[in-house]
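Considered here are two forms of the same protein chain, supplied as structure tokens in two stand-alone entries, structure 1 and structure 2.
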Structure 1
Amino acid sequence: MSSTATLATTAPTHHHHHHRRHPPSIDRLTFLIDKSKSINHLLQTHALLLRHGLHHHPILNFKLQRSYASFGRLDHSVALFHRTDNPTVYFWTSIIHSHAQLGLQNLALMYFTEMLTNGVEPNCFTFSAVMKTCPLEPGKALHSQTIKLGFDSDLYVRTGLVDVYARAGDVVSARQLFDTMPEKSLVSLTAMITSYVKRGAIEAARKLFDGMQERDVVCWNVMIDGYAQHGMPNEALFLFRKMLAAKFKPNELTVLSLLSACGQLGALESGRWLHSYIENNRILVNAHVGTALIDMYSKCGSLEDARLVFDRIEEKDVVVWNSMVVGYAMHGFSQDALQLFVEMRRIGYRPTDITFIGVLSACAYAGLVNKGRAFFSSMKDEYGIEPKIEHYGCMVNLLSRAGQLEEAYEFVKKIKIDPDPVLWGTLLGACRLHGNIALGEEIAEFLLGQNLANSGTYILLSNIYATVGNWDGVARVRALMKSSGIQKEPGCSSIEVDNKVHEFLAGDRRNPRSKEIYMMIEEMNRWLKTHGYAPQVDTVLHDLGDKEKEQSLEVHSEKLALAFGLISTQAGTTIKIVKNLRVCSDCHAVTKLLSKITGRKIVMRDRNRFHHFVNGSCSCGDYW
């Protein structure tokens, strides 16, 4: 007994030495390679092979190469391949697969071509490997080759082809290949669903999904993520509940999609629930999950939680840092954002274009014009990052917030990229804030002439006129909108109570507690009146009398959500509201006052930023 024990605990090198004259069997070596737990294990087995002169054995060599690749050591894998004379089709396929897996598509294709040049016949496995992440053009060439060789009906090859066309956005060809498949599988169905989801054809995707005979976690993830990525976050959460009810076990990718959905909804309670789900189910909070959590907490208005997650992520990458910097910035906590930026550089992270989105918006919110300008030039000069339209957007914000509207305009005109509607919208918004009619009209006219105007353009222009009391202008815009059939995008505010997200449109009466909500609105109006508040009827676009205008303001979606928050949460609780558009100025003023009257902290997320209303004032400093 004791001698057996000694043998088992002997170091591997000794063990091998002991067997020098009796080389380990091929089976034993195969086992060692396949069961390697670490790269070191593998290196030891490799040494063993060399010692016994077995390194030319085709199967062992092939398995060794595959194992190196799976540990992310493509360098070893490639070296081994190049040392092999006349590699078999298996070996070629494996080296192609290893490159494709890591997204090295050009190299994968290069090996494929080389293989053909060497007179080695590809098989179904080879085609399946090389098609992975292959672009459309070479994909089409592969397609005809498979037809010539009679492989195109093979389940795996065909699924690969569906995926090639799907990834290239050619959903028609993908569907045709899919429909004519001799046999379909869960995977091919998922590939087709993915194709629809990528184009935003969620209905079509859902139809296929609903018709599936069997499902697995991947297809659930694709469908849930489809909703999350296409502005239907509530549906994503809804489908997730179905997934749990159907007893499927969510994984890391599931929670990533759902955290994004919670962030979009501002659904803090659901987000917290997911966070505990992650912890209870041993899903590792790696950089990906960590980023998603930080983003969710920031967008749900809880920066404290975002920071806690940030501090606890062991292996932070630049994306993790970015999400925290951006989180601080969008809440207007500029100093924290900039401090974190300094810290990340000190540790040695290289900022990316996203980092500068955070840094520049932080400067804009804090009015740090010169600092922002300096960051903007350092982007290119110091870090070699070409500014994108988004960065110009930040600069326009920065300059116009500081009142340097003309300079912002000049800035936009000098941009080499074509300015887009969002950028012009930012500038137009600045004109509203500074009551600069002349520039506002110039921009709006330009946009109308270029056919770049959207409903936001009209609304902003009208708001500019309203700011300076130019009612003729307001009326003109209204007429223009009417004649060109432009509809205002409906404002929608949501609030999460008891794990459920409640959405409100203006004048909405769909909520079961509607009656109480409108009673609360009346109560709010009485409070406001006592405090001498006069509704900003002038900002109302519609052709209505003052009384009606007042009434239309009273039922803005923000106010309905706020009233619902007041009647359905404990006194003293922070109320968190998410709005799809910018906050209207009447609602902003009302919310400020109500934060004082009710003693509640109110956090409102609008399309661009957060407003923290506390005791009668807002963190945006009335500039948004």
Structure 2
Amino acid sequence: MSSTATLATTAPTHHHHHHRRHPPSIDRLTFLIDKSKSINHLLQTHALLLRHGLHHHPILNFKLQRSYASFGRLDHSVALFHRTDNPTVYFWTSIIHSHAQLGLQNLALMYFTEMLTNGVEPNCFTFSAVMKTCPLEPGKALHSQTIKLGFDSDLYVRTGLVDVYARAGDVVSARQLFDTMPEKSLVSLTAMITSYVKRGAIEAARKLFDGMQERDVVCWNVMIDGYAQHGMPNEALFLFRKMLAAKFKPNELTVLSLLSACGQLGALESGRWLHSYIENNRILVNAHVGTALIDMYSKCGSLEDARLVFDRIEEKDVVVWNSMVVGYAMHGFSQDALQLFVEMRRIGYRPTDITFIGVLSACAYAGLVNKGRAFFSSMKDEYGIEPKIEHYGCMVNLLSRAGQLEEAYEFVKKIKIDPDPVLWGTLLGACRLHGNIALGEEIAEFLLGQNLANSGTYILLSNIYATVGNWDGVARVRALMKSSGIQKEPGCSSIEVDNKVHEFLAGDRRNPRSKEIYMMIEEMNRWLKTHGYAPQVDTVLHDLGDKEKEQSLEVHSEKLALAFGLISTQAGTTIKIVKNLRVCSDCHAVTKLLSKITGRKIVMRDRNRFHHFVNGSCSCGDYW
């Protein structure tokens, strides 16, 4: 009775006593396999097949194998497959597809080879399945086989081939195959766009994207992420607005790219809007999204928001902790960063190399030389973490800030990895700050001799010469820059007002409110003069007369952004500015004084760190 009772729940209800002789119909069993909601359902149906001796039925056997694979139980699929007599091409294709789907490419290729050895000829679906995640070399072999068997013009096969070449970075071959497709599938278009984006050919990717007849979320994501990854955050946000207007529903990947874009721009309002979009659209704030939010808020200058997100994440992993430690350090809130580090270790998290970047930066900003040294040694001794160039950079910064320049220089010379321009830049900047011109020159000569100088190093060296009025030195460096074709990166500052990011270059007059901005600059200069401010003309590095130097300082990009902020926002509100280079000492001094005169908090992010200007002083303690 018990078996009949079980059957009664799973099979159509005939009269009970017919059951032994009337097994459930094939259609009914097919339906049960297809509709299985869980692995247990599937196992019950499988038992039913065995009980009625139907497990060799080709259709049922095939469906069982596929369903087991879809529940991630490849072991059951494989066991059934091996018990199948003379499997047809459909069985082989299914087992190949199941392995490729899970990224088990070597096994997928092994089954493909076995199938050929058994004399079974592949069809277009077999090729399409085996090409998923297939590396380039076996991909080329598969390509020649598709030509031999005449499958290379099939839409699925061709899409798979485009994907193989595009993923491997062979864009030329991918494009050739793509261009000769009679109809372009959505997948092949997305594969091509992805390939261009990876190589940084954003315009080519956008051209294909704009020409697409139909789009899905995947290709929108690829394009938005392309902009975000290649330093074009404004375009990423702009495309996102288009995506919403086209009624597409963003997912976690879209949001991660956009948060990165907002962080690059320092666009706090757009970031906040995105955060509320995430919450209103029930996108889960897991550790991934949480880390991206913390990172975005930190880079946009709002540590309060970053900390709120951090406290709300339930399943924190070490990456979440790291992003908060680094966030505090970036703003010079060293005690908070170190406090968090202590807490994180107490709970039992094991620090990673990223944790130490945060911790060492915190020590550098607070001038904790001995603590920093101790942390640096503990990396290797206690945690077995090999220091990377960034960690050495933090140590150089730490020693330089403390005025221990000779030690810092010796430290750099002993580094096992090749020091990068940022390290040398930190050292040169410190030489200028501490007035150690001799060492500055020695380092610069070394860099020029080793061919290690970049535009930043040249500028710093010419700054060092200019500070002591050595104009011959300045001219020599400028001539060297010219002859090696190095150009000074133009300073650019941006400020977000009413959800729109406004960018300014030095002496810029492109803004529609340009006239008011320059009037505000004059007003700012009057305020500064009444407070006895004298422009720091030594920071202008052209061999100009003092009057021209003063004029050149007035129109630095950060001053224009600040003037725009003052005319565009309510009195008393915080002004946030993002600068692509290190802020110059004159702009730094001016901003400090203006924070006092206007009674506003001004937050500026430059290439090195954050500066919080409040009531005439800066959080960086005038060392940056």
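If you superpose the two forms and keep the largest set of C-alpha atoms that fall within 1.5 Å, you have the rigid core. What you are looking at is a predicted structure, and each value in this text was computed from that prediction instead of being measured. One-based numbering along structure 1's sequence throughout.
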Problem - Structure corresponding to the form predicted alone - result: 2
Problem - Flag for residue 147, CA shift 2 Å or larger between structure 1 and structure 2 after aligning core - result: yes
Handout entry: Residue shift check between structure 1 and structure 2, rigid core fit, residue 241 Cα at least 2 Å
Key = no
Handout entry: Core-superposed C-alpha of residue 386 shifting 2 Å or more between structure 1 and structure 2
Key = no
Handout entry: Angstrom shift of the Cα atom of residue 475 between structure 1 and structure 2 (superposition on rigid core)
Key = 4.1
